[in-house]
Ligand SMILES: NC(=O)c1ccc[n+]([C@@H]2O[C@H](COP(=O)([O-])OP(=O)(O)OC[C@H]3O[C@@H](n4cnc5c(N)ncnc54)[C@H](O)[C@@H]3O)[C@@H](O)[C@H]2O)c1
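Shown here is one chain on its own, the form predicted alone, set out as C-alpha cells.
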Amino acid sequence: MSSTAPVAFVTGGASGIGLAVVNRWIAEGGHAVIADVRVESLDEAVGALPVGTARGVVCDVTDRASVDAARASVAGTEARLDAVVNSAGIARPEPSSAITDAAFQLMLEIHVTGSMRVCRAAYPLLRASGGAIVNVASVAAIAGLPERASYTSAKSAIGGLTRTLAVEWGRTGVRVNAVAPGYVRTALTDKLIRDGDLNDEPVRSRTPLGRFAEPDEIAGAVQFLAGLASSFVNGHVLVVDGGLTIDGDWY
C-alpha cells in the first residue's frame, strides 16, 4: 500500500523528541514510519496515533541488516520517502577516567555510525523524492560537558557527518541538516535527574529562557528543516537551546 502523504522515517520515534517529531509530522498532514528497537514501545506509540497515520518498524541502528530491512520495508509498503530524522540515542554519563572502550564505542555506534547507516540506506529513496534528512545533534557538540566524553564526541561528529552529506548529496536534491537541542524535558532527562546524573536547577538558571524545552519545540525546528519552508537550507546545525550556549552573563 503506497502512501499519497509525505512519508517520514523517524529513528527513536517511539518516545521523547522522536515521538514529538512523529506527532508534528502527522499534524502537518504527513505519514510516519516509526523506527525503534522495542516492539512494545512501537505498539504503544502507534496505538496512540490516529489510525492509518503511522506504522512501526523494528530497527536497531547499530545493525546494518536491521537498517537495510527497515529501508526495504518502507520501499515495499509506503513506496516513497520524503524525510529521515535520526533521533535514536542514549545518554550514560560517567567519569572520563573510568569509561571503557566498549561503552565509548557503543555511544558512537548508536549516535554517529547509526545515523550514517540510516542516511546511507535511505539515500536512494530520498534522491527519488528530493527529500531531506535531519540529524539530531546537541549543545553537547558545542560545549564540553563533564563526565560526558562519549556523548559530546558522538554529538560533535554528527555535525561533521551532516555537513559532508549536505555537500555530497545536495547536488542530487537531498538536503541534510541537523538540530542541536539544549536540555529537553523527556523521560530520558527525567531519569538522569532522578538518578542524580543531572542537576536541573543550574541548567534552568543559566538558560536565558529559564526552563527546559518541551519536546514539541524541538519537533517544530525539525519540521522546518525537513519541509519546503527550508528549501535552501543545507548543511546547517540549528541550535534550539533557549539561549544556553550564547549566554555571556558572567557578571
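So that there is no doubt, residue numbering starts at 1 and follows the sequence shown. For clarity, every value in this text was computed on a predicted model and none was experimentally measured.
Although not depicted, the form predicted together with the ligand is the subject of the following passage.
Only one of 68 to 76, 103 to 111, 170 to 178, 125 to 133 lies within 4.5 Å of the ligand in the predicted complex by heavy atoms, and it is 103 to 111. Here the marked residues D60, I90 and L188 all reach the ligand in the predicted complex, each with a heavy atom within 4.5 angstroms. The ligand is not drawn, but in the predicted complex it has a heavy atom within 4.5 Å of R38. The ligand is not drawn, but in the predicted complex it has no heavy atom within 4.5 Å of V22. Using a 4.5 angstroms limit between non-hydrogen atoms, Y183 touches the ligand in the predicted complex.
Mapping the unseen interface onto this chain, G227 falls outside it, with no heavy atom inside 4.5 Å of the ligand in the predicted complex. Contacts of stretch 134 to 161 with the ligand in the predicted complex, defined by any heavy atom lying within 4.5 Å, are made by V136, A137, S138, Y151, K155, listed in sequence order.
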